[in-house]
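Quick setup: one chain, the form predicted on its own, written in structure tokens, and binding and motion questions come after.
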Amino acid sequence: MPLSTQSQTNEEFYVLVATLDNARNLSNILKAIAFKDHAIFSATPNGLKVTVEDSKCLQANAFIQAEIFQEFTIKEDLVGFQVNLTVLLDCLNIFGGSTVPGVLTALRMCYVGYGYPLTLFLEEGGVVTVCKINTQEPEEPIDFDFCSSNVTNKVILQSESLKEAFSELDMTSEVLQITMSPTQPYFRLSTFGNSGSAHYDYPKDSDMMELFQCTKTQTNRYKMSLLKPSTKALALSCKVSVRTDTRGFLSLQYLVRNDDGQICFVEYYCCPDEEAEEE
């Protein structure tokens, strides 16, 4: 790949080098969390984690494992920086994000370290473009303290069924109410919009339900404005895991297959709506 020669001159200075034959495998998963301008990048030998947050109530993480990349070289245990996600996506799609069969945009992403820009070498059809994006010191992501030992209820669904539910629910509702229970209604989504209340129930033995593990009845409300960004990930995914913990915090884990059939994960954490609890 000609890109490998483009950045050889500074090779020894880079703390992170990641290459992809198909840049869409990165841009598509970043679009699933692109609801705010700034994203925190954390690279470890296991791969890349990209975090976007909103008002300490919502956090989205995209995980791209090291194996997804054709090359993933990291010289430190942890490399972290913050970039403008909108600018990064614009650069990744600089050739127009071609979907023509056989026409791929190759990517080589390099980072020297603190104070240096993130450098992208993008190549399509023999044309190479170099983009340099300013980086900032990464902020500390919010710790939602969502651990599996505190999970009370969990279901895994085919994404199609959740897409169907979202298309039928009243999106004028300010909240989405989620009920999970070992007894009926098992798993229920409810809205309270302009046209009244609407409920969408899933039987626990539904073909769309891959796993049903509920230990206690929980009903929590979440601001629809916070959940709407996660529909970007839902649109790309084939399965979704819905979990709640003892505090009513919500975890939505989306399994996303890229163009090459490899699996990546996108996870959203959302706080319950406190106003609803006070009523």
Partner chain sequence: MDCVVTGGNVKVLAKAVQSLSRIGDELYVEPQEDGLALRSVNSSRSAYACFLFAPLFFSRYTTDSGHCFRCKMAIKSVQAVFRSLATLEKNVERCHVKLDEQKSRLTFTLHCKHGLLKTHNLSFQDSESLQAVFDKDASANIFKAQPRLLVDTVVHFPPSLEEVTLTVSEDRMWFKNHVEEDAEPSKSMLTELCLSSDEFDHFSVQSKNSITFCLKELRGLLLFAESIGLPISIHFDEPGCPVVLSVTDTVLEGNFVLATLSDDNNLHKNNSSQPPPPPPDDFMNDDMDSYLIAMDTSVVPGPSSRPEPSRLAAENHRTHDSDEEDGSEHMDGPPNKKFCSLFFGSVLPPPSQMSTQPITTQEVLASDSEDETQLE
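Positions refer to the first chain, counted from 1. Predicted model only: the values in this text are computed from it and were never measured.
As for the form predicted together with its partner chain, it is not shown, yet the points below apply to it.
Listed residues Ile156, Ala198, Leu104, Leu89 were compared with its partner chain in the model of the complex; Ala198 is the one with a heavy atom within 4.5 Å. For the options Val112, Ile133, Val79, Leu169, the residue carrying a heavy atom within 4.5 angstroms of its partner chain in the model of the complex is Leu169.
In the model of the complex, its partner chain lies farther than 4.5 Å from every heavy atom of Glu139. Contact check for Pro182: no non-hydrogen atom falls within 4.5 Å of its partner chain in the model of the complex. With a 4.5 Å cutoff on heavy atoms, Ser206 counts as touching its partner chain in the model of the complex.
Under a 4.5 angstroms non-hydrogen atom cutoff, its partner chain in the model of the complex has Glu164 among its neighbouring residues. Picking from 142-150, 119-127, 190-198, 104-112 the stretch near its partner chain in the model of the complex, with a 4.5 Å limit on heavy atoms, gives 190-198.
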